[in-house]
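One chain follows as structure tokens, the form predicted alone.
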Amino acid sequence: MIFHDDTIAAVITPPGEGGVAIVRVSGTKALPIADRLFRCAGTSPSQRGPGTFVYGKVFDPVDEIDEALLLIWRAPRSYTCEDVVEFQCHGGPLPASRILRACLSEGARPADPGEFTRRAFLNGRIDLVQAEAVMDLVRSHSDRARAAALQQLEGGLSKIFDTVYDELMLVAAQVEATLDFPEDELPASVPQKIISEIDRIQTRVNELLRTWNEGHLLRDGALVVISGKPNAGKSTLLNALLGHDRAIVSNIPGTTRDSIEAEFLLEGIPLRLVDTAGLRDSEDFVEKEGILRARKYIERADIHIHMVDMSQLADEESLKAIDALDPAKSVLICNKMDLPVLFHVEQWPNVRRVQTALEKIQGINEVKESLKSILSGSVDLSARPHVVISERHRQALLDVSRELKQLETLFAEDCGDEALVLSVPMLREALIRLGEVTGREYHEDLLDQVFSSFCIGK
């Protein structure tokens, strides 16, 4: 355990009005601070056992701030593995902020973002993968994302990374031991066994990498961009998918001049729906800026919905837009099919097409099925939630995979002493990158990178 000299404090509940607000204090001064600020019947907080709830009043240090409950944890059986107290007062910004100021005046300092969880990591309660799961759980937008984050918090993903690390460590040990053999006494099976182990580890790494896309969708949501010419029905589609009016719908072209974003859940996957400005030539500065943003959104889209008004004749710009669609991630919405059809799309057989009459609420279910079809290319929507890697894990695994491929190439050309010697730094680099995922290997910059995205209070 790492014993910090300083004691940290923060309001750990969201700002604003509520039933309860909580101020957490962690460190060697936590209990002495509670003794000075909290007045209750019976013994003082520092004389009470761990897991104790006690009712009393908080003073600053003379004036009464609020009635509160005090919860007491003793090191090492707390979130941070330090002495911890929590003042649970009435909700609202004033009582909690006054209690926090009182704690700071008694010797605590404001906690940095993620510092409580950082101390939990440094004191060995959790590893870095579990620490990241804390914020994944806080930020989850669906039950599927919540379940995946909870499995990660309980160590499901850490066990996989630990297994890969231990297997690679065993290979490194075999290589080091093999170097002690005279070349003419080296059993022929030893290099082959090392190659076989590297191949098996590479397979495990690739299996982990394949979970990244699902992790990206669960954490960030799939970016679904709706594009098309003005009055094609983009805003109507957005409202229909959401089930309420989010965007203004009008027959006047150019009504949507900026991108409108809203969240929508589909099969447990959060979708970030973006209604964009109608694509056309315009001299209006604001509308031109909106069209430029629309094109940037299209470039970044995980799913691209392009809409055409089937009651209008095709023009060159519309034809080019459909030609540019990526069949793997695009849906062509043929809207206003209840009107005489003048726009014909048979020449694009490889693009998913859905016929709609959105003003009559026709075709919405078919649109959802098309979106699910695209998502199923990245996520098994019928599978139970499971642990998935993050972008940080992905970058580390790509580095590991590159080192393993170099090892495979090296041993394919030569299994002698020279190859074994050259393999040692590659194996060490792969082990360092794997160790950085869970925190077996860490440095301050890595911890700053991980915990800077946390909120204060976590």
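The first residue of the sequence shown is number 1, and the count goes up from there. Bear in mind the structure is a predicted one, so any value in this text is a computation, not a measurement.
There is also a form predicted in complex with a further copy of the same chain; it is not shown, and the following applies to it.
A.B. asks: Counting only heavy atoms and a 4.5 Å cutoff, which of 333 to 341, 150 to 158, 366 to 374, 163 to 171 contacts a further copy of the same chain in the model of the complex?
C.D. replies: One stretch meets the cut-off, namely 150 to 158.
A.B. asks: Contact check in the model of the complex: 15, 72 and 95 versus a further copy of the same chain, with a cutoff of 4.5 Å between any heavy atoms. Do all three pass?
C.D. replies: Every listed residue reaches a further copy of the same chain in the model of the complex, so yes.
A.B. asks: Counting non-hydrogen atoms within 4.5 angstroms of a further copy of the same chain in the model of the complex, say which of 191, 113, 91, 268 makes the cut.
C.D. replies: That would be 91.
A.B. asks: Within 4.5 Å, heavy atoms only, which of 177, 328, 324, 138 is in contact with a further copy of the same chain in the model of the complex?
C.D. replies: Among 177, 328, 324, 138, a heavy atom within 4.5 Å of a further copy of the same chain in the model of the complex occurs only for 138.
A.B. asks: Determine whether any heavy atom of residue 417 comes within 4.5 Å of a heavy atom of a further copy of the same chain in the model of the complex, and answer yes or no.
C.D. replies: Residue 417: no contact with a further copy of the same chain in the model of the complex.
A.B. asks: Contact between residue 20 and a further copy of the same chain in the model of the complex at 4.5 Å, heavy atoms?
C.D. replies: Residue 20 belongs to the contact set for a further copy of the same chain.
A.B. asks: May I ask you to check whether residue 39 falls inside a 4.5 Å heavy atom distance of a further copy of the same chain in the model of the complex?
C.D. replies: No, residue 39 is distant from the partner.
A.B. asks: Using a 4.5 Å heavy atom cut-off, state whether residue 405 contacts a further copy of the same chain in the model of the complex.
C.D. replies: No, residue 405 is distant from the partner.
A.B. asks: Hey, which residues along 38 to 62 are within 4.5 angstroms of a further copy of the same chain in the model of the complex, non-hydrogen atoms only?
C.D. replies: If the 4.5 Å heavy-atom criterion is applied to a further copy of the same chain in the model of the complex, 38 to 62 yields 51, 52, 53, 57.
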